[in-house]
Structures are given as structure tokens and as C-alpha cells.
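Next up: a single chain in C-alpha cells, the form predicted alone.
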């Protein structure tokens, strides 16, 4: 495995694969890796000839400086995990390398209704930062396939929309959520939860599963109300629980007409914000 901190070195390395028409897969991460990230690496290894992972805590997608400061950073452990997984190359740049002075890295794409609900409502500006860094990293790596986790479902749709709107030559692939034994979706932020809160947070997945049962008994808004009510537990502050169309992210009017339905939720526990979702249809 090769480690690159400069764009020039990474591009030189990738040219040997590109010149032989070998597919390049890319897994962008912010570090603090877990089995969910490694599942993306494995999917890339299985479907491309060269897998690149990146470790970059992107400052432009954090709403609060305190959240950026607290974000877990474990570079030595991350590199060991990527090496063991069989990753071919790792890009670990500085903010100055990604956002050099004088280069316009803004993304001129209208995300419309995709960016407005849920994460867009509670984290204004977040998706602009996500689109900016992913577009920049795609420009640097030039991958044939970009692998993203289902846990960030709204983010996946935003990035896929951007790739299509800008006619980027990169296929955006979504991978299933990897969960802890308790059902808690694996997340780098889980590292900030104590053992008690980590166990308590698993209630979110249990309620997502209940949603699938309630579908046949109650209309969508009533299901959302029941889910939020059950999340109102000591030490837990639910932020949203929404049943949305899997393509548009708009609230579903019923359970029959939409082609796909996703239950999406966010909550605070122990000062840590967690998100999760379940594809119901």
C-alpha cells in the first residue's frame, strides 16, 4: 500500500493503472475507520483493479467549530486497517493541498428539494461542503467508481445527483449499512459514546424495524409520530424521524404509490449526533 500526501504523487501512481484501462475505485473517508468503511474498501477491491482510500477531515462540511475539533482522529490505526484490508493507495492530504489558495472549488449545482429536508434542515450548509470536497476529490483521483455507505442516504443522493448534473465520468455506488451487534449503525462518531450510551443508542434501529411493522397498520404521519414518541427516552433527544420517497426525499402520502420508501432519523445522545435509516420498500 502506498501513502500519498501530495496530489502529484497520487496522480503519477494512478497513471500506471489508467494507461492500461484498469478501473479505479475510490472510498473517501474522514478517518476513524470501522468495519463499515472496510466493507466499502472490499466492494471496491471486488469490482475494480485499483482501490484508493482517502483520509481527510473536511472542514467545510462542519456547522460548528467544536464539532470539527471533537471529530475522532486515529490516522495510525486507520492506515493499519487499510493496509490489512488490501487497499492499494491512501490519499491523506492537508487542507491546503485540497483547497489551495486561488483555486475556486465551489460546486455550481442546484440540489433543489434533495438538500432541503432532514440533514439539510438541521445542518444548513452541510451539503454544500460535502459536494465541494467530493467533487474536489473526484477531480484529484479520477475514479471510475465512488463507493458510499447507505447510512448517509441523503448524502449519497446528493453526490449521485452532482455526478449526473456535472456529467462526471464516475459511477456512485451505495453499499449497505454495517451494524454493531446491538443494531447500532457503525459510525466514527460512535467512538465518542460511552458504553452505556452506545447500548442505549441501539433503540434507534429497533424503532426503525418497528416502522416496517406499523406500515400496514397506520398512515405515514402517524407512524412518524409513534416513532418519535418511542424515541423520547431519558438521555435521548430525537431530531427527526421521517418517511420519505427514496428518490426525491419528499414525505410520502401513503405506502402504496411511491416506488421506494426510506425511514430516516437523527438523534442526540450524550452530546453526540447519530443518524440512521432503513429502506422499507
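Model, not experiment: these values are computed from the prediction. Positions refer to the first chain, counted from 1.
A second form of this protein, the form predicted in complex with adenosine monophosphate, is not displayed here; the remarks below concern that form.
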With adenosine monophosphate left out of view, which of 137, 163, 177, 118 would have a heavy atom within 4.5 Å of it in the predicted complex?
177
Looking at 214 to 222, 227 to 235, 249 to 257, 37 to 45, which lies within 4.5 angstroms of adenosine monophosphate in the predicted complex, counting heavy atoms?
37 to 45
Consider residue 30 of the chain shown here, and say whether it contacts adenosine monophosphate in the predicted complex, taking contact as heavy atoms within 4.5 Å.
yes
Using a 4.5 angstroms cut-off on non-hydrogen atoms, would residue 148 count as touching adenosine monophosphate in the predicted complex?
yes
Should residue 79 be classed as touching adenosine monophosphate in the predicted complex when contacts are defined as heavy atoms within 4.5 Å?
no
Please run the contact check for residue 170 against adenosine monophosphate in the predicted complex: heavy atoms, 4.5 angstroms, yes or no?
no
